[in-house]
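For reference, the chain that follows is the form predicted on its own, supplied as C-alpha cells.
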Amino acid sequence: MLGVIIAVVASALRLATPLIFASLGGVFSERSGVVNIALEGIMINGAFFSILTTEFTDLPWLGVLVAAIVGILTSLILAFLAIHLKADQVVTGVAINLLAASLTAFLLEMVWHRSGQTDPVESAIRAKPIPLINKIPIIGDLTSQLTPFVYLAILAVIVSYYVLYKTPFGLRVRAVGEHPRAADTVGINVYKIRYICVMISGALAGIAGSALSLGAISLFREGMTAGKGFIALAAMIFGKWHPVGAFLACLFFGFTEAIQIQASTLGLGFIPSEFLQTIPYIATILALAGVVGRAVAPAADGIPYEKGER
C-alpha cells in the first residue's frame, strides 16, 4: 500500500509541474493587468520547439532554453496587441492559441513529414535517483520518480513569491495591476512593467510546454496540452493570483489526474475510464464555481492603460 501511495504522490507532482509553471506565468501577467488566455498556445509552442531542438542537437536543456525563448516571442504578440494597440486581451489570446496549434501542425508536416506526433527523442529529461537521498526510505523512493522539472517548478514558486512580495519590482508590478494611473504618477513606467511581466509569463509557459514534451512523453503530439493552459488559469484564480496559492491549486489538479491514472491500482477499476478522464475538468469547474466568487482579481486586470487619459 505504501508503494501505491508513493506512486500516486510522485505522479501527482509530475502532472502538476507543467500547470505550476504556466499558472505562475499567469500570476505575473495578470498581476500587472494583462489577461493571458494565450498560455495554452505558448505551451504548445514550447512543447514543439523543445523537442525540435533536442532532436537536432541532442541537448535537452538547450531545448528547454529555446522553449522559454519561443514563449517570450509568442507572448510579445499578446503584449504588443494588448498593451500598445489596446486590443481585446481575451480575443487576442484565443487567436494566439489557434495560431500556435496551426503553426506546430504545419511544422510537424514540414520537418517530420507526418501528422499526429514526432519521433521520440532519446535524450529526454527523465527521472533519476539523487545520490545519498535515494538511500532514505520513502523519500528516496519518491524522489527517484521525479524529473528535474519538478524541483525547478518548486524553485520557481519560491522565486516568484520573493520577486512579487519582497522586491521593489514586485511592488511596482502589483501597483500597476491595481492602479496603473497612480503608479504612473509616481514615475513607474506602466507599459514597461506590463511588457516585462507578459514576457516572464511567456518564458514560464514555454518551459511548461517543455516539461510536457521533454519531461513526460519524450515527443511532441498534436493537442498534447489538452486544455492544461486553461486549467493553469483556473489554478491561478483558485489560488487568488498568488504564487503559493496557485502552486497548491496545481497540486490539487495534479492529484485529481493522478487518481484517474492510478485508478486500477487504487481499486477504482469499476468506474468507467471515460468518466475518470473528466475528473480534472470537473474539478476545474467545481473549484471555480466554489471559489471564484470570493477571489478578487487585480483591479486593473484586463483593462488597457492609456497614458494621459482621465
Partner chain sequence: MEKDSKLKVFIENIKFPLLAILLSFLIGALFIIWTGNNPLVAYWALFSGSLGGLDKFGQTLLKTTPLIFTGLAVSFAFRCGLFNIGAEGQYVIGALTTVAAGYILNSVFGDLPGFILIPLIMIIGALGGALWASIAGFLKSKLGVHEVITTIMLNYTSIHVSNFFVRTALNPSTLEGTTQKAHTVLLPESARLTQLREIIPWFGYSSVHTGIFIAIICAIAAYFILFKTTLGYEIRSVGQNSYAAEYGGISVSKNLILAMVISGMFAGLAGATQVAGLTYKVDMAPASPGYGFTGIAVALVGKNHPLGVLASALLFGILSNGARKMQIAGIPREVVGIIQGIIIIFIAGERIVKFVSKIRERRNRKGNVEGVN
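If you're wondering where the values come from, they're calculated on a predicted model, not measured in any experiment. Numbering follows the first chain given and starts at 1.
Keep in mind that the form predicted together with its partner chain is missing from the display, and what follows is about it.
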Original post:
With the cut-off set at 4.5 Å between non-hydrogen atoms, does residue 37 touch its partner chain in the model of the complex?
Top reply: yes
Original post:
Taking heavy atoms and a 4.5 Å cut-off, does residue 84 contact its partner chain in the model of the complex?
Top reply: yes
Original post:
So in the model of the complex, does residue 265 come within 4.5 Å of its partner chain, heavy atom to heavy atom?
Top reply: no
**OP:** Verify the contact flag for residue 278: yes if a non-hydrogen atom of it lies within 4.5 Å of a non-hydrogen atom of its partner chain in the model of the complex, no if not.
**Re:** yes
Subject >> Contacting member of 132, 110, 186, 155, with respect to its partner chain in the model of the complex [4.5 Å, heavy atom] >> reply: 110
Subject >> Contact assignment for its partner chain in the model of the complex, among 282, 69, 261, 62, heavy atom within 4.5 Å >> reply: 282
**OP:** Given that the partner is absent here, state which listed stretch (202-210, 124-132, 102-110, 139-147) has heavy atoms within 4.5 Å of its partner chain in the model of the complex.
**Re:** 102-110
**OP:** Give a yes or no on whether each residue among 28, 178 and 182 has a heavy atom within 4.5 Å of its partner chain in the model of the complex.
**Re:** no
Original post:
Hey, which residues along 64-93 are within 4.5 angstroms of its partner chain in the model of the complex, non-hydrogen atoms only?
Top reply: 77, 80, 81, 84, 85, 86, 87, 88, 90, 91, 92
